[in-house]
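Presented below, as structure tokens, is a lone chain in the form predicted on its own.
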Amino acid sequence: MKERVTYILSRVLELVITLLIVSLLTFAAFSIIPGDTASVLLGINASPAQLEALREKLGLNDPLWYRYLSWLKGAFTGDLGDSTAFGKPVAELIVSRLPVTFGLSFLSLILVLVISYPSAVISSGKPGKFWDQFFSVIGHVSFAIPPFVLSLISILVTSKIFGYFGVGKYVEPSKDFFGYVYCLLLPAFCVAVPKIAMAFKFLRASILTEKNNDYVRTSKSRGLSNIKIMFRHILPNSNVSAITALSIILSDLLGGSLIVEQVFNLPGLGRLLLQAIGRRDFPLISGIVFYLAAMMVIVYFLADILMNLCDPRLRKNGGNI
């Protein structure tokens, strides 16, 4: 128990350090970009005196280290100032878009799990046979299709031809939860398809590796059926590789739905980020980038803890088997 607590505390410390590094890189990236908030707000016709007065008011003339500490405090307390483009607090804008991005990512992850796991189990049952080749070909094709291309094809097929899915419509979950899920289902599928292929390849390879271990032959010699061996031993022992793959996929889902949100006209973080970039809204851009990066870091942290719980060897070897 003490060993497990020590391991978790060390990972928490690593998480905090990583978040600090992410915050520093985010702040530095937007501090060295030409132009600043004052020039964006006042425009190109502003006089030097007006620019200087606004910079002083916004604290842009403060030392860089002081501005970073103030920004860091705001990043961890939820106060990142106001958006120059929308005139609202950055935190308020981000929170209002989270249900879309989180819902889209969660539905995509559910589709990845529901489709990739059974496909990997069936494919690895008889390697090289019909179903293995069938799922492998489908996986190669799915992995090669960019989500935005699949989005355009899906809109054409489901909405224009068959009349299903109200593309471009968004329903808030507080008003109609099932309508909310329905409007996100097609975009989630478009985001999930390449990730399904990725998860399938990881899981299939992990299952085939486990099937060659001695404990499988021992279980067969004891009279256990292939189905019992698969679900009692092989799949649980494949969880470490599966969690690794799924953590990569989930982090990619959180940041990889930008174009899909734009194509389906969904008011998520991705679309908000593109709007902020188009309007050079630096406070909003830096806030979104930081929180997206923080989410990805936290996903990897939770995956690390889950892998540790599934395989104690990771704890004894500092995270490596």
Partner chain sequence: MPKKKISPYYIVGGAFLAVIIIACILSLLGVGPSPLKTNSADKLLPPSASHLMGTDNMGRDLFARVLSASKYTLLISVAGVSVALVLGTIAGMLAGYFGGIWDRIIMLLGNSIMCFPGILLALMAVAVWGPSLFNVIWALGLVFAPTFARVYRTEVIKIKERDYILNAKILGVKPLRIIAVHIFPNAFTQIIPAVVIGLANMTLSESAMSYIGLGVQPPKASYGKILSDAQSYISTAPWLIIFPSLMLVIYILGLYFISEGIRGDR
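Owing to the predicted nature of the structure, the values given are computational and were not obtained by experimental measurement. Numbering follows the first chain given and starts at 1. Under this definition, the rigid core comprises the largest set of C-alpha atoms superposing within 1.5 Å between the forms.
A second form of this protein, the form predicted together with the partner chain, is not displayed here; the remarks below concern that form.
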For the spot marked by His140, Ile277 and Ile285, is every residue within 4.5 Å of the partner chain in the predicted bound form through some heavy atom? yes
Does the 4.5 Å heavy atom contact test between Pro146 and the partner chain in the predicted bound form come out positive? yes
Is Leu98 close to the partner chain in the predicted bound form, meaning a heavy atom pair under 4.5 Å apart or at it? no
So in the predicted bound form, is the partner chain close enough to Leu306 to count as touching (4.5 Å, heavy atoms)? no
Heavy atom to heavy atom, is Leu69 within 4.5 Å of the partner chain in the predicted bound form? no
Indicate whether Thr26 shows a C-alpha shift of 2 Å or more between the shown form and the other one, with the rigid core used for the fit. yes
Using the rigid core as the reference frame, would you say Phe135 shifts its C-alpha by 2 Å or more between the shown form and the other one? no
Would you say whether Phe200 is displaced between the shown form and the other one, judging by a C-alpha shift of 2 Å or more on the superposed rigid core? no
Checking the C-alpha spacing of Ser238 and Val12, a student should find that in the predicted bound form it changes by 3 angstroms or more, with the atoms farther
Sense of the change in Cα distance from Asp281 to Thr26 in the predicted bound form - at least 3 Å versus the shown form: closer
